[in-house]
Ligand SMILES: Nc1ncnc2c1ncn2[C@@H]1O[C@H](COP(=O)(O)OP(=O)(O)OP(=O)(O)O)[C@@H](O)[C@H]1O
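Just one chain follows, in the form predicted on its own, and it is written as C-alpha cells.
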Amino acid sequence: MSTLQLKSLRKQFAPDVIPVKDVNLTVEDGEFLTLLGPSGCGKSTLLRLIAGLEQPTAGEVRLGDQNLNRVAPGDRNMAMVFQSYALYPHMTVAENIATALKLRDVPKAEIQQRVGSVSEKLAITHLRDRKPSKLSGGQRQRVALARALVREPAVFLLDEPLSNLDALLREQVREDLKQLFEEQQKPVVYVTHDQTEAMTLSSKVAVLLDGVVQQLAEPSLIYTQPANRFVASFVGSPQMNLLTLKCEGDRAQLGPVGLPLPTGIGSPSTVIFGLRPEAIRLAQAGDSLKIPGQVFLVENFGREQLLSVRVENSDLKLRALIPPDQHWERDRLELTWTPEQSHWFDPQNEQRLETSSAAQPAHSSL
C-alpha cells in the first residue's frame, strides 16, 4: 500500500503570494485524483510540492507512514510526466525510457525486459531506435509515459501531459491513459485545466481556486452537486446559466414567472439560480413551467444547437441546448425544465444552498 497524503500543505512565496493554502488530500492505491482549475489556481505548485521540486512553507507530504518533506525528489519513488515531455534529444527512444533504470543500477537484462514490456504496452516498439526529433507529438508523449511507467514507482504525477496535442490525438491518448493507470493500481495525481480530461479520467476531482480546494468529490457529484458558484461555472460545457434573481415571498422572479423556492433555504431577498443548458427543453402544452423569451443567438454544434434566449420582460438571458431537429420561433418561444435540475446558491458567500424539491407550480405574472 502506498497511500499519498497531503496534510495542511501550504506554500508561501511572499506575504501576498500564497499559491497553496492549507490543502488536505488523500490518494489511495488505484485512485486517480485530478487537480482541476484555471491558470494560476495553484495546481502545478501543489504537484511540485508532492514531487519535492518545491519545499512547503508548512504542512506535510506523506507516503504511507513516511514524511517526505526532507526527502530529495529522486528518492521519493515518484514518476513525473511533464507538459513539455522533457526527452533527451541525443538519446534514442529506448535510451530515454531506460534512463531512470540505469541511474538506479538496475541489471541490464531487467532493463531490456522492462523497456520492451512498456514499449509494447504503449505501441512504440517500432520507434525504439528513433531520436525524439523524428517523432510526432503523440509519439513523444507516449515515450514520456513509458519512461514513467518503466520505473514502477509508488506514485504517478502528471502535469498537463496532453495540452500540446491536437484534439483528435488528445482523445486517443486520454483513452490510453485511462486503461494504463487502471492496470497500475497506484495513486495518480493529474493536473489539468481541461474539464473533459478531469471528468473522464478521474475517480476523484479536486477543484482549486486561489490555492484552496473548492470541492473534492467524484466527477459525477462535481457535475450534479457543485459546492459553490465557482465550481458550477467552471465545470460543464456550455457553462451553467447562473442568474441572480429577486425573491418575493416563496418565489424567485425570472422575468414574468415566479419560480418556487425549494424548502429549506428560508426567505432570502435574492438568490443565485443555476441551470445547465442541457437541462432546458422547449415547453409543451402540458408543462406547468413556461419561460417565454426571444432567441438572439444560435450556435449550431451539429448534434445539438445552443440557443441564447432573452427572457421576456427582463434583462435576463438563458442558454439552452436542444436537438437540431426541433423547430422553434425566433421571435417567441417557451422554455421549461424540472425543479430537480435547478441549483441554488447563496448570493453572499456563493455556497450551495441545501434544499429539498418544491412541489408548488410556477406562477406567471402575465
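Keep in mind it's a predicted model, so treat the numbers as computed, not measured. In this text, residue numbers run from 1 along the sequence as written.
Although it is not shown, the form predicted together with the ligand is what the next lines describe.
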- Pick from 64, 38, 30, 324: which residue has any heavy atom within 4.5 angstroms of the ligand in the predicted complex? 38
- Note on the structure: In this chain shown alone, the residue from 26, 44, 314, 336 with a heavy atom within 4.5 Å of the ligand in the predicted complex is 44
- Message: Within 4.5 Å, heavy atoms only: does residue 250 come near the ligand in the predicted complex?
- Response: no
- Taking heavy atoms and a 4.5 Å cut-off, does residue 193 contact the ligand in the predicted complex? yes
- Query: Heavy atoms within 4.5 Å of the ligand in the predicted complex: does residue 160 have any?
  - Reply: yes
- Within 4.5 Å of the ligand in the predicted complex, counting heavy atoms only, one of 44-52, 314-322, 336-344, 300-308 shows up; tell me which. 44-52
- Note on the structure: Contacts from 17-32 to the ligand in the predicted complex (any heavy atom within 4.5 Å), listed N to C, are 17, 19
